[in-house]
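What follows are structure tokens for two forms of the same protein chain, given separately as structure 1 and structure 2.
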Structure 1
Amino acid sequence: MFFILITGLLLGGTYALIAMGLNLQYGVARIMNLANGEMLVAGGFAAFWVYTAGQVSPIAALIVVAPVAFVVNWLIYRIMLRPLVKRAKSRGALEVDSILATFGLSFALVGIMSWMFGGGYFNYSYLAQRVDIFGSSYGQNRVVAFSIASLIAAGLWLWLSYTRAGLRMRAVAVSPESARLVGIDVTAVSALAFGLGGAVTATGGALISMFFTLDASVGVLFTMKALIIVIMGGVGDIRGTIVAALILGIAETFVARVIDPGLTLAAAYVLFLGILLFRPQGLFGKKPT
């Protein structure tokens, strides 16, 4: 049982980073990005390519992957999504438009990645040695991915909590209309949040590629996991996102080890359904009065 707990925490830590990207995009920019998983796969592809072609560490590749992903997502928001934001007459209308637009974008990205890298599975061996923790052995790559994900998540939380830029982003997340009244450029902040969310997700993809086999079409699975975590943790709640990701990681590991690996998605769905039925406001959210 202790082995399941540690393995689940290691997996959940990486999930947390991926879900934080979606939470920034949905919580601040109000864009439910269904192409989030494809951005993760793109990050994994980039790490795989630099490692196999140039023997460059996937961790070192983050120096390039994160800024490139930020620019790509910032452009997607400015060119493709901003017109939808301007046209939308309500938050509900924007959510419907953004879901449809990013749903189509996810298929386009799958096609581009299949064309560039082929439709087969890809993985590579990096830091595959075992490391002992409390008497049990774990993959060194999982421990390193968890450590880096934890550092990035902590840095992001500190930035959001204690900087003026983070304060502006939180203000837009709470109420874009009120934020605009106090002089905040809501469009610029939303574009920044969407770009930052994409960079965080691509970083998570590069990390998870060190121990997970990916292919061009697997992004939808990670989009669903990120969506489950965001709903469980509460939209815009970084603390809830981290806790929900750890719960999902432990639940998936328990089901894979004790019952059957093929039922991990079913376990995630049951968790998701339970939260929707009993705590739709998220783990730490308050019921609307």
Structure 2
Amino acid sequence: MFFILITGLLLGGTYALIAMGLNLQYGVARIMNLANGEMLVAGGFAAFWVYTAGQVSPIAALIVVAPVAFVVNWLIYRIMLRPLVKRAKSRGALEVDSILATFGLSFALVGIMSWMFGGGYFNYSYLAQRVDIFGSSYGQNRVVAFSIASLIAAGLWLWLSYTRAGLRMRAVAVSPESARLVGIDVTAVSALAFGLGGAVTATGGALISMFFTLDASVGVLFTMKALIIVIMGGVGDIRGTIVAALILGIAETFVARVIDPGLTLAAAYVLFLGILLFRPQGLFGKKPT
């Protein structure tokens, strides 16, 4: 039982890493970023590259990966997405435009990564040793990734809850129009949220690359997972993302171990549908007023 719980938590931590960035991008900047998975893979490739070329630990690499990803995503927002935001007459219009634009961006990123790294599989061995918890063995790399995911989540939550900048971000998430009325620079906050989301996603990618085999085209799988988690947890709410990620991780592991691993996908979608039926706004989402 402990095995299922801990394996599920470790998996849930991975899911949280995948989804937290998208939540900031979709929840605050209102961009449904379909290139999110590619950004994650790019983070993984960066970690792979510094590890194999320079023997630098992928965790140390975060010091470079996160800021670079922030700048890249910030630029993507300012150059590519801002015009869409300006033009959009409604939130619905913006979502449609941003889905199309980032869908295109995802293809472009796959192309760039294939060109730079080739289409092959990338993985490396880092902290791939055992660690025993309650009599069962787990990969050290997964435990480390989970710990860092917890730190990032706690940091983000504290920042969003207790700082002025976090308050501004929550205000934009709840209502961009009203936020503007109280003097918040919505554009700057959105760009910040998009950049921050990208940085968190790339960080997740770098950590996941310690135990996942990646290739240039695999991003879409992560995007799908992240979407499910963000919608399950409630758009714009970090707590919701984390709780949803953990529930999903534990549920999938439970189904895989007790019922049948072939049913994990089905279990994920049943859970997703169940939550949508009873709480369409997600676990922690605010009901539209």
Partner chain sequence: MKRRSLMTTVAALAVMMGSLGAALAQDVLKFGAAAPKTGPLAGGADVTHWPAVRLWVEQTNAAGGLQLADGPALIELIEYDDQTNPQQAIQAAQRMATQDRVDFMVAPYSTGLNLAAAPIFSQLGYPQITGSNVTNQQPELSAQFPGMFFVLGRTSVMAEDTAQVLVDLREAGDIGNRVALVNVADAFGIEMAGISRAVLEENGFEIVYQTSYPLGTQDIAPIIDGAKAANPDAFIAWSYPGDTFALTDQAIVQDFSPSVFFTAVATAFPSYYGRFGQQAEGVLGMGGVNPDDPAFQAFATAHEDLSGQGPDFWASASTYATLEILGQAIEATGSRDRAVVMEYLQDSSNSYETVLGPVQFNDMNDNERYWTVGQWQDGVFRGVAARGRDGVSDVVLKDGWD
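The term rigid core refers to the most C-alpha atoms you can superpose between the two forms while keeping them within 1.5 Å. All values derive from a computational prediction rather than experimental measurement. Residue positions are counted from 1 along structure 1's sequence.
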(message) Of the two forms I pasted, which one is the form predicted on its own: 1 or 2?
(response) 1
(message) Degrees only, no decimals: how far does the smaller rigid part twist against the larger one between structures 1 and 2?
(response) 15
(request) With the core fitted, just quote the Cα shift at residue 266 between structures 1 and 2, in angstrom to one decimal. (result) 4.0
(request) May I ask for the C-alpha shift of residue 279 between structures 1 and 2, in Å, based on superposition of the rigid core? (result) 2.7
